[in-house]
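The chain below stands alone, shown as structure tokens; this is the form predicted alone.
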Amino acid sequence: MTFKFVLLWTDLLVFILVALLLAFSIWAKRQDSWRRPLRKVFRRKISVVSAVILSTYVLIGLLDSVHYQPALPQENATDQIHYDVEVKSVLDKLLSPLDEQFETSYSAPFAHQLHVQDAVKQADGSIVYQHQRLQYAATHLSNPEAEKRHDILVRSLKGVAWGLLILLLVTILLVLYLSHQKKQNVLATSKQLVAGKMDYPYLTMLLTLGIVILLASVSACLATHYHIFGTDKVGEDVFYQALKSIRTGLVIGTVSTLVMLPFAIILGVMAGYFRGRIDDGIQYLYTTLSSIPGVLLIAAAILMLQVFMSTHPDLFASNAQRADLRLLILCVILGVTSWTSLCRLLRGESFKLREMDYVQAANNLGVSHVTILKKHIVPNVMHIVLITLVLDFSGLVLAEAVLSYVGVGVDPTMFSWGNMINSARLEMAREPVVWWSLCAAFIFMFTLVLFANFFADSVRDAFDPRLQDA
């Protein structure tokens, strides 16, 4: 084989989370109490816009979660196949050759020469400081000063043309699907779509998807010939770093949630339903845990993990596995320290549900506690779980940036927005200022967090009983 699949721990957890999300979607579609609020969510334009943006991030993260090791070249066909120690992903393959085009140092966005001047020895022995040409950007231009603007414009228009063509195909497929679903002709469906008379804002979805497709196609046409966001200190493409950091942000936000859920749901429901000593013990547990600064727990765990990895290097076949273990431990610590607030909410809601007539009737009829919890308590607190999860996602993504900035976050060799911001701390003090690394991390992280918050607001409004339609 030309490659060998590699399954990292975080990859496995990501795929488990996707499977759980699909299973929950199928289950919620059959439950009227869930189906109606979810329809209300996706009938809001801002929710549809947010869903398209978040789906784009998720797609990139999933592509970056399929890892493999490429086979090394063989001199003879009969030789044993050996694989590269460097772990690649499907996203790396799609972004190739951005991961291999290293310049010697900083370069500004769309620049054709280095950001700083290098000493160049002339034929007469004198030393002249000048900006050197880049090795991979704008190399197809003989006179970049005069030709670069026109070339960027032509390639951007080419990307727009490809994007419009893809959008047209997507629109045709959507119209055909809606026509089949509504059992009417294509022309009538098209008129309803343009007039916005559909059950859901499909036109808003198409416009948002069109913007995403146009940005992606223009970036694809430009990134192979220019560094869109420049390069960093070691000459690595910043646009490539920002895209690779998406997976880290999503893993922090989702895997930490996967770790947090069992603690919050089981302990919160048990405390509210059983009360008494069980409630006192659980309260003591999460009160004590909330009193310990989370940063101290994370720092202690990461430092001990570093010592363990340094003393047992033979346990890790590649640097990717080392970095992945540190990311997994960080997710576990964030999950363990962030379940207490949701546990409090579920405890209070379970207190109220315990006194409802149908729960009291089930108790009097001799129904077991496990059955009552499974049939009556847990289903009626799941809306609180869903609202809390979407609200906490943004906080967990931002937490990674803060922790990496102070040095106790993900591995320094792993791509993350926190590491980009941390490295930009010194770059902002340079003269001239190197601003593009911080700008790229800010744009990608801000977009994810902003639309995650918009979607969270829509979910909260749809599932809040006080805002339900009569």
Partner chain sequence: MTQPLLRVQDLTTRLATPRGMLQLVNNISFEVARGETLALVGESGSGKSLTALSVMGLLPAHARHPLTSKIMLDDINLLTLSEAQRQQIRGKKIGMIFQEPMTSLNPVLTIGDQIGEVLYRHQGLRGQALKKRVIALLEAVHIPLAAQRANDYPHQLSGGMKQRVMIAMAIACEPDLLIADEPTTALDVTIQAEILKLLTELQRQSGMGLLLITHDLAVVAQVADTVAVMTQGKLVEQNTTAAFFAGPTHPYSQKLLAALPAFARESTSLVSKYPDLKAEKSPAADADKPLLDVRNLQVYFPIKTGFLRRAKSHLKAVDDVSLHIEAGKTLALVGESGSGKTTLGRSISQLIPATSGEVYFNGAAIHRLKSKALREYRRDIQFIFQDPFSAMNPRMMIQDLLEEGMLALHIEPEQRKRRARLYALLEYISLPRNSLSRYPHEFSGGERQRLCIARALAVNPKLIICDEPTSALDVTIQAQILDLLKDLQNELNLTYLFITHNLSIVPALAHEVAVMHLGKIVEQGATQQIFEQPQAAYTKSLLAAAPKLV
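The model shown is predicted, which means the values in this text are computed figures rather than measured ones. Positions refer to the first chain, counted from 1.
Form predicted together with its partner chain: not shown, discussed below.
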| query | finding |
| --- | --- |
| Proximity of Ser33 to its partner chain in the model of the complex, heavy atoms at 4.5 Å | yes |
| Contact test in the model of the complex: Lys244 vs its partner chain, heavy atoms, 4.5 Å | no |
| Its partner chain contact in the model of the complex: Arg347, any heavy atom under 4.5 Å | no |
| Contact test in the model of the complex: Gly210 vs its partner chain, heavy atoms, 4.5 Å | no |
| Options 164-172, 215-223, 314-322, 377-385; stretch whose heavy atom lies within 4.5 Å of its partner chain in the model of the complex | 377-385 |
| Answer option from Ala188, Val194, Leu176, Leu365, heavy atom within 4.5 Å of its partner chain in the model of the complex | Leu365 |
| One residue of Gln135, Thr288, Gln360, Gln74 in contact with its partner chain, assessed in the model of the complex (non-hydrogen atom, 4.5 angstroms) | Gln360 |
